[in-house]
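Here we start with a single chain on its own, the form predicted on its own, put down as structure tokens.
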Amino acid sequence: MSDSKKFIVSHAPFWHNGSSVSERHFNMIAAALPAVLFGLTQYGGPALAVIAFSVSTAMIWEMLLSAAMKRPQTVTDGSAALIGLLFAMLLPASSPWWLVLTGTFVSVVVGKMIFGGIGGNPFHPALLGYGILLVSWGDYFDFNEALRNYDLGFDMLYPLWSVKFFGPDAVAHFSAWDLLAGQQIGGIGATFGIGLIAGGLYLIARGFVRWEIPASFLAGVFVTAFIFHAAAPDRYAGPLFHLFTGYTLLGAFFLAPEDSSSPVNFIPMLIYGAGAGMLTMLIRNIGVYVDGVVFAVILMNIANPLIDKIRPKAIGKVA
């Protein structure tokens, strides 16, 4: 009896386009460097310590777990280093060492390794680690308090926190250019909008990130913020403010398009990105948390397997 489930492919040799997993990871690290370097100039030695400790412990956790599970060591592919870097970019420069250590453990061990490693994780590992820490020790992520001792040369009031509790008038002195140029407080690698946009465009141009998710994510943020602002301009800030503040740009180019937790088909990518953008604004404007990017992307990660099954009906197909 023939096996109807047999998967038949053409014979070797196969063509390889020259890309590799490690190449993508190292290019993403390179693309994030402008925003990271700006964070180092803004916050100094403490930011460097957080980044170095986050990247190194993420790599160590992967090495230890691979050895414990008797799997081949894959730390040289850059995945753990990228997870550690993205996790550090989300953190305040004043984060204590134990918070970083716990976060990288959750990100790498729980978010990646227990699901089988690269390609098996249903959530973005760095976001899972950050989200669990935010729920558990939320006080450490109050940027206005955490960074109060830094002399940054501008108002210490955290823009998103201001909108959340005081309305758009409290951040009227923050122009779109100020936000793009990093004149706001936040995560070590999340404040320099120009650097994040440049890095994101580089990844899109090189083909490491598809344009559909970043574009639809930013469109979802813009349209939803516009609706809120049009309905109550004295209560909600305008769309440009929300595009350039918080984790929006970091989420659009570096977090939402993560390979294994995001769709691979055209229409699902647009739905996924737009959904994450809309959820971001719903959480920011009417939810409990100040910045909704982290939980918005995690929620869309959960929905990703169903979203990616959406297929437009082929032309001429009857059923």
Partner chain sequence: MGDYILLAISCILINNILLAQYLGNCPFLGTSKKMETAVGMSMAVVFVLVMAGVITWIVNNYILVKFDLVYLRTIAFILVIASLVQFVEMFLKKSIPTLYAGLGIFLPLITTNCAVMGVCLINVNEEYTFVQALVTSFSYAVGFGLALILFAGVRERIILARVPRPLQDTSIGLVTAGVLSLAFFAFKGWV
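Positions refer to the first chain, counted from 1. Note that this is a predicted model, so its numbers are computed, not measured.
The form predicted together with its partner chain is left out here; the points below concern that form.
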message: Quick check on this chain: which one of Tyr247, Phe123, Phe143, Tyr236 has a heavy atom within 4.5 Å of its partner chain in the predicted bound form?
response: Phe123
- prompt: Taking its partner chain in the predicted bound form as the reference, which of Val110, Ala219, Ile204, Leu243 has a non-hydrogen atom within 4.5 Å?
  reply: Val110
message: Taking its partner chain in the predicted bound form, would Ile114, Leu128 and Val288 all count as contacting it (heavy atom within 4.5 Å)?
response: yes
message: Quick check for you: of 247-255, 48-56, 35-43, 279-287, which stretch puts a non-hydrogen atom within 4.5 Å of its partner chain in the predicted bound form?
response: 279-287
field: is_contact(Val21, its partner chain) in the predicted bound form, heavy atom dist at most 4.5 Å
entry: no
task: Using a 4.5 Å heavy atom cut-off, state whether His173 contacts its partner chain in the predicted bound form.
output: no
message: Under a 4.5 Å heavy atom criterion, is Ala181 part of the interface with its partner chain in the predicted bound form?
response: no
Met69 within 4.5 Å of its partner chain in the predicted bound form, heavy atoms: yes
query: In sequence order, which positions of 291-309 have a non-hydrogen atom within 4.5 Å of its partner chain in the predicted bound form?
result: Phe295, Ile298, Leu299, Ile302, Ala303, Asn304, Pro305, Leu306, Asp308, Lys309
